[in-house]
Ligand code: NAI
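Just the one chain here, laid out as structure tokens, in the form predicted on its own.
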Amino acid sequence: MFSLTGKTALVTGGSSGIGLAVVRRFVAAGASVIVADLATTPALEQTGAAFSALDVTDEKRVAETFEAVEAKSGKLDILVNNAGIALQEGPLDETDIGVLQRTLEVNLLGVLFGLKHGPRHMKDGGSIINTASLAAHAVMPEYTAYSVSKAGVLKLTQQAALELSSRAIRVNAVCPGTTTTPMEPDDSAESRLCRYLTAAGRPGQPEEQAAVFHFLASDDSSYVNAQAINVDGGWVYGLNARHMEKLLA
């Protein structure tokens, strides 16, 4: 079950964090994986995945990368649009337009360019998975740019799923909650808050996110399309028992 044997996958932003966990999982499941990221890492090199340097905000380079991958490895079965950033923000009425623009360029346009140029280099019946976020659903103070960018990813996911349906290419999104990565260390304020607000009582691990990507990449999820799957420990659905006890004490 969930075999990826014989499949070829391209993962953007796969050098660290959730992306790296996805790469490891895909390789273990039998896929041939190409990672497109700004730079490689020793951890990525240990996976045996191929690497291509890519800035996902450079549309010309994105198109060239897909062309080069097809020329070398054939058409893709799986595309994971995962590259993203989370910059320091502030209150909405103090929004730094430079931060907003950079966040939208990477998190939203990076996915758009993948959806625009990737499918023509994919086999019919393939799977595209976009990395969104809990922030696409749950509003948190001082996360304007990030939240808007990830909400946009969900709309792009739905749009692409409908437009690519004639080729049986499925498009889904994963919405990770707080996950322990270099972007979100275990001692961060959000991670501490997660232990209090989330039904699971802890942040997630990259491997737990990767398991959902693996399912969506496999043929076993053939009837799952245009979905946004929350992998957030239950945070998005509200107060848990521990939280209620403290509020009512």
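Please read these numbers as outputs of a predicted model, since none were measured by experiment. For every residue, the number given is its place in the sequence shown, counted from 1.
As for the form predicted in complex with the named molecule, it is not shown, yet the points below apply to it.
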Which residue, L112, A161, V106, L154, has a heavy atom that falls within 4.5 Å of the named molecule in the model of the complex? V106
Can you pick the one in A199, A211, M183, A29 that has a heavy atom within 4.5 Å of the named molecule in the model of the complex? M183
Per contact check vs the named molecule in the model of the complex (non-hydrogen atom within 4.5 angstroms), the hit among 163-171, 115-123, 90-98, 142-150 is 142-150
Examine V33 and determine whether its closest non-hydrogen atom to the named molecule in the model of the complex is within 4.5 angstroms. no
Is A83 a contact residue for the named molecule in the model of the complex, using a 4.5 Å heavy atom cut-off? yes
Does any part of S15 reach within 4.5 Å of the named molecule in the model of the complex? Heavy atoms only, please. yes
Any of the heavy atoms of T179 lying within 4.5 Å of the named molecule in the model of the complex? yes
Mind listing which residues of 51-72 have a heavy atom within 4.5 Å of the named molecule in the model of the complex? L54, D55, V56, T57
